[in-house]
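Below sits a lone chain in structure tokens, taken as the form predicted on its own.
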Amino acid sequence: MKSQIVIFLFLTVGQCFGQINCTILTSQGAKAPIQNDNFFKALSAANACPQNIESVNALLDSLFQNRKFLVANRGRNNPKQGSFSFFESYAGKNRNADADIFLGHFTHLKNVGGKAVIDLDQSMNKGQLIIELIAWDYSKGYYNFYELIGQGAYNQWFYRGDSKDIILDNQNIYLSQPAQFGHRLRCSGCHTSGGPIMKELAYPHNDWWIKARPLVFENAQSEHVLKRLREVDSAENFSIQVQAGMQKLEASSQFQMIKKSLSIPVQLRPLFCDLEINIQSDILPIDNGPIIQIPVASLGGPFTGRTPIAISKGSYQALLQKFGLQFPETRHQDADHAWLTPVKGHSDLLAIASLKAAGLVDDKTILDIYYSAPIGTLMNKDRCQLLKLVPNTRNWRPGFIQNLKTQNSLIAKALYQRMTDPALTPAAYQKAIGDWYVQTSRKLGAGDLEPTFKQLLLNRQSVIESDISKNPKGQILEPGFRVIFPVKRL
């Protein structure tokens, strides 16, 4: 009887933690080198390898402060497939926003007695992604990336690489045709800046669980999911942590050294092109009232800095009908919040601020380049192509201006005039933006909405067609997994 108890206890521990002596492998199958992040340290000190999210929580909860967050992968109003993603953060016990570890895992529908139940998707199917995780490395000064992958009989932890690998993987984006990507790690496809991401970074976090508007479910939930729902935190707090993580990476001297080792055109790329996106929308759900508030960043870019512009919901919904928009898996014409629009990523803006701090650009140059493209365009290919005219020297502006002078394209001529016009000061730009804002508010308020609506649709499509969506290892909008925008009805 005693031997049976011992065997039972051994099997129970094995099911929870998997292999004894936790070994983290590289993508090539070798033992991973020692990393100086809190996750690697905890895993290396563990008596056994955690095989699922619950055993990861058991390992880390005693050491760090855990927060859990939830997003609906197929859209807030389409929960019937049971597809949700939990994201979790771990910070030191005496800290609030400065998380050192971020991880994600997923749900699926499980047949329980003939009934579909939402459960954690933590199976050992060969090749299945169980957990993806990033952790701050205190020696490197940037992030390490890990994955837990199903092997059939057990799950295996892999160290995939770090923020430096991502920067090197993506150094040719927009500078080579056809698009060329490195092959160091899959994470390069989404985490293009090398740090944490959250696409719906700005309130109201359209498809996320927020305290004021929890997500809804069409299916029952397993005890594992219910336990997490009792602990789930509001997405505003995840946004704070993600932004702090992005800022920590951008402020790292070691990470800046990596970026400074790249060519000047690559360093300037976040100004000419868009490497990451965020998503903004009307703050209130579409069912609340007759007015829609359009975020100005979707109309004029990140440097407009004005309050939202009000339009008639009826006029907006008429355009949804006219252009035949509908979510592909439901009858809904639009997302939970109206005017869901991609905008320039927060990490790009942090990178531009670093370029200014390093003396590579000033306010006039930033505004000259950004507004050389038609206002309101995202992923503007013509402006991005001008990056190839940038000389690979720190004092790049004189040579760039001369190169612009030799070009026949309209955008090159426009930028040449801007950069050589001393009257176009930052103050002059702000006055022009103010005038544009007044005129645009009047036009949209009067119901002249269709040209602006068309630009919204073009901006959505531009993300899908851009180089950042061509990486075979992963794409920023996660097609097939995330359903974010309505599309034209088939």
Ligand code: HEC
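Residue numbers here begin at 1 and follow the sequence given. Predicted, not measured: the structure shown is a model, and the values here were computed from it.
Keep in mind that the form predicted together with the named molecule is not shown, yet the notes after this line are about it.
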(request) Indicate whether residue 343 is a 4.5 Å heavy atom neighbour of the named molecule in the predicted complex. (result) no
(request) Would you please decide whether residue 118 lies within 4.5 angstroms of the named molecule in the predicted complex, comparing each non-hydrogen atom pair? (result) no
(request) Flag residue 299 as yes or no: does it have a non-hydrogen atom within 4.5 angstroms of any non-hydrogen atom of the named molecule in the predicted complex? (result) no
(request) Although the named molecule is absent from this view, report whether residue 214 comes within 4.5 Å of it in the predicted complex, heavy atoms only. (result) no
(message) Counting heavy atoms only and using a 4.5 Å cut-off, do 134, 160 and 478 all touch the named molecule in the predicted complex?
(response) yes
(message) Partner absent here, but in the predicted complex, which of 143-151, 357-365, 403-411, 108-116 has residues with a heavy atom within 4.5 Å of the named molecule?
(response) 143-151
(request) Have a look at 205, 248, 191, 184 for me and say which one sits with a heavy atom within 4.5 Å of the named molecule in the predicted complex. (result) 191
(message) Between 198, 232, 384, 210, only one gets a heavy atom within 4.5 angstroms of the named molecule in the predicted complex; which residue is that?
(response) 198
(request) Would you mind checking 99-116 for residues with a heavy atom within 4.5 Å of the named molecule in the predicted complex? (result) 102, 103, 104
